[in-house]
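Okay, here we've got a single chain as C-alpha cells, the form predicted alone, with questions on binding and movement later.
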Amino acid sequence: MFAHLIQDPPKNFVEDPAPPVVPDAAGQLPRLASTFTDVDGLYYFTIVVCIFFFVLIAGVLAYTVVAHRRKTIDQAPASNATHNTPLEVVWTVVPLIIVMVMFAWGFKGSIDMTTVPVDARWYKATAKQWNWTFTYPNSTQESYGELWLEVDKNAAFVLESTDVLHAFYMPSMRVKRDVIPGRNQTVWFRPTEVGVYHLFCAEYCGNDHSRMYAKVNVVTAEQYASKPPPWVKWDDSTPSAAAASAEKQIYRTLCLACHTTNGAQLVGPSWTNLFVRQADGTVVGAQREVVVAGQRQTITVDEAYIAESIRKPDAKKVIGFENLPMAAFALDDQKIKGLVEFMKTLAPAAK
C-alpha cells in the first residue's frame, strides 16, 4: 500500500533493495511492529462506521425510491411534512457522539506517542532536504539514511529540521510526527519485531521529497551491542573496496539527488570523472576547471579538494556550475575518505 511512496533511484546507481511492504490480514496497513495498537483500533473503527452508515443510508434511499415512487401522474404526495425534529436531533447527535469518540481515541494515541517513557534510549533524527541524519544515544556516532535500533527497547527521538517542514513517518511502527524548523519535536515507539522497516517524510518538502526515505534496521540486543555498520571504524590499513562500501550509503542519502555516477548531469557535476584509472590500474585525480575568488583555475582532484568541496562548497565552484548552490555537510575525515574511495571506484580508464 505504501510502496508508491518510494521513488526508484536513478539508473546510474544500484541500491540495495528495500524489503517488501507486508500488509495485514485485511490487506490495508503494513505489519504492526510496535506497541501502538490504538492507531489500528481507530482505523478499523472508522472503517466499520463508514461501511455501516453507507449501507444504512443507501438502503433507506433505495427502499424510499422503490416504495414511495410516484405511480401515476396525478398521485398526491404521501406527506406534506417539511421536517421531523426528533429525527433531525438523532442524525445530528449520533454523528457528533461518534466523531467525539474518534477525536478522543486519536488524541489519546497522539499523547501516548509523545509521552516518552523514562527508560527510553534517546536518538536525534535531523531532517534536511532531502535526507535523514541519525545521532545515537552516545552523541558521537551518526548514520545517514539508515538507522539501527534494538528490538524490545524503547526508542525516543528528538526531531529537528534544518530547513523546511518535514514529517517523521513510520507506518509499521504507527508513528507520525511533524518535524518543524526552529522547534524540537519528540516521538517514541517500542519496536517489537526484528526486521527492516521504512521511514518516510510525509510532508511535501521540495523537488526530491519522494527520495527522502530511510531504512530502519531493528536488530537483536547482541547485534546492537556488536556495533552496527555506521559505528565501525576503519583506518588506512582497511582495503579501499571495504572503505568505499562502508561509506557509499552517504552517497545514496546525501549526494544522489544532485550527482550521478554515470556521467549524466543533474544539479551538480557527475562524480564519474573525478578520478582516472591509468593503464597500470592506479587511480589518480583528474584535472578540473574551477572558479576561485572569481578567477578561473585548473586544479588536480585529491582528497583535500573533495573535503573542501563538501565542507565549503563555495570555495571552488566547477566551471558550468558556478551559480548553483550546494549545502555544506559536516562530515568527519573518515567518512570523506570513504567517499573518496567510492569515487575512485567510478573512475574510467585513461584515454
Ligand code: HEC
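No experiment lies behind these values; they were computed from the predicted model shown. The first residue of the sequence shown is number 1, and the count goes up from there.
Not on display, but discussed next: the form predicted together with heme C (HEC).
- Of the listed positions (V175, A156, L254, V276), a single one reaches within 4.5 angstroms of heme C (HEC) by any non-hydrogen atom in the model of the complex, namely L254.
- Between heme C (HEC) and the residues V39, I310, L29, V283, the one pair within 4.5 Å by heavy atoms in the model of the complex involves I310.
- Three-residue candidate spot M113, P191 and F200; no residue lies within 4.5 angstroms of heme C (HEC) in the model of the complex by any non-hydrogen atom.
- In the model of the complex, heme C (HEC) sits beyond 4.5 Å of every heavy atom of A120.
- Within this chain, M326 lines the site of heme C (HEC) in the model of the complex, having a heavy atom no more than 4.5 Å away.
- When heme C (HEC) is considered in the model of the complex, W271 lines it closely, a heavy atom lying within 4.5 Å.
- Proximity of A33 to heme C (HEC) in the model of the complex falls outside the 4.5 Å heavy atom cutoff.
- Look at 201-209, 259-267, 104-112, 86-94: in the model of the complex, residues with non-hydrogen atoms within 4.5 angstroms of heme C (HEC) sit in 259-267.
- Residues from 315-333 that approach heme C (HEC) in the model of the complex with a non-hydrogen atom closer than or equal to 4.5 Å are K316, K317, V318, F321, L324, P325, M326, F329, L331, in the order they occur in the chain.
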